[in-house]
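Okay, so here's just one chain, in structure tokens, the form predicted alone.
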């Protein structure tokens, strides 16, 4: 179809509102963060240009690299467990056992709660004074050895990861279940007639035919884990001894507690670059139409 001058103008008018919103709320903040990352604040209202000095300071900072390491540990473990458990429970709901609607609701309830509320819930669960873990340890005779996991630098990150998995699992279950529902029933029935049941059915039919939804879940979960902040802030605020200080938490501490806005914006730029790189690499690695191609 030939596009006339009048139809071209109409297309531009339809695109313009969305383009303006995109420029204001996406492009402008990115450019602003890059510009502010090259500034050094003198006061809350004045700053001067320092070029890449802030970037050099960040790259030399030991806590930045520690936060980077903690972020990748957090991403890897939350992604692995949420994808595996989401796949398992999503498939369980797909099989529709007795009471499966109740299972679906119970699995999704934690996702309805705000992350801040989830953080408070798990802080109370881990609490030595009012939590449920201390009485359990006392019941087996180990109460005197109980230390709150979020108070121990060696256990705090694992405790936060567990809370994050519990909080976000419901979305993965729903996504996987919706993917399984799109698998043609005739294909599954033919596989059953050919003797595919149990693990063989999952391996040869379910996993390959739900590969598209699996790719989406992995990418969404990875990027979501990279920008996790509120639950960690409520539970540990990055402590103890920076053991749970992921990159967004490191950004917050430096930008809004230490008032080093240039340093904080460098970390924001790093997070943006990491998110883009992770998305591109993962899409490239998983761009096959079928898992077995």
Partner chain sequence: MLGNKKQKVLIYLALTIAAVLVILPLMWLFFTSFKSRADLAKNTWGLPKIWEYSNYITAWTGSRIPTYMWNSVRATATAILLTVVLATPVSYVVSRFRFRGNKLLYLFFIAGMMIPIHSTVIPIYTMVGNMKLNNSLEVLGLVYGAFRIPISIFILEGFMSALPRELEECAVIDGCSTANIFFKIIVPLSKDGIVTISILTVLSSWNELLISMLLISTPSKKTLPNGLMGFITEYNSEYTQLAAGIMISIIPAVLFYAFAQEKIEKGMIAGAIKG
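Bear in mind the structure is a predicted one, so any value in this text is a computation, not a measurement. Positions refer to the first chain, counted from 1. For clarity, a rigid core is taken as the largest C-alpha set superposing within 1.5 Å between two forms.
There is another form of the same protein, the form predicted in complex with its partner chain; it is not shown, and what comes next is about it.
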Even though its partner chain is not shown here, does residue 79 get within 4.5 Å of it in the predicted bound form, heavy atoms only? no
Is there a heavy atom of residue 227 no more than 4.5 Å from a heavy atom of its partner chain in the predicted bound form? yes
Give a yes or no for residue 198: in the predicted bound form, does one of its heavy atoms lie within 4.5 Å of a heavy atom belonging to its partner chain? yes
Any of the heavy atoms of residue 98 lying within 4.5 Å of its partner chain in the predicted bound form? yes
Contact assignment for its partner chain in the predicted bound form, among 38, 70, 58, 268, heavy atom within 4.5 Å: 268
If the criterion is a non-hydrogen atom within 4.5 angstroms, does every one of 163, 207 and 286 touch its partner chain in the predicted bound form? no
Contact set, 226-253 vs its partner chain in the predicted bound form - heavy atom within 4.5 angstroms: 227, 229, 230, 233, 234, 248, 251, 252
So with the core overlaid, does the Cα of residue 22 end up 2 Å or more away between the shown form and the other one? yes
Under a superposition restricted to the rigid core, does residue 13 display a Cα displacement of 2 angstroms or more between the shown form and the other one? yes
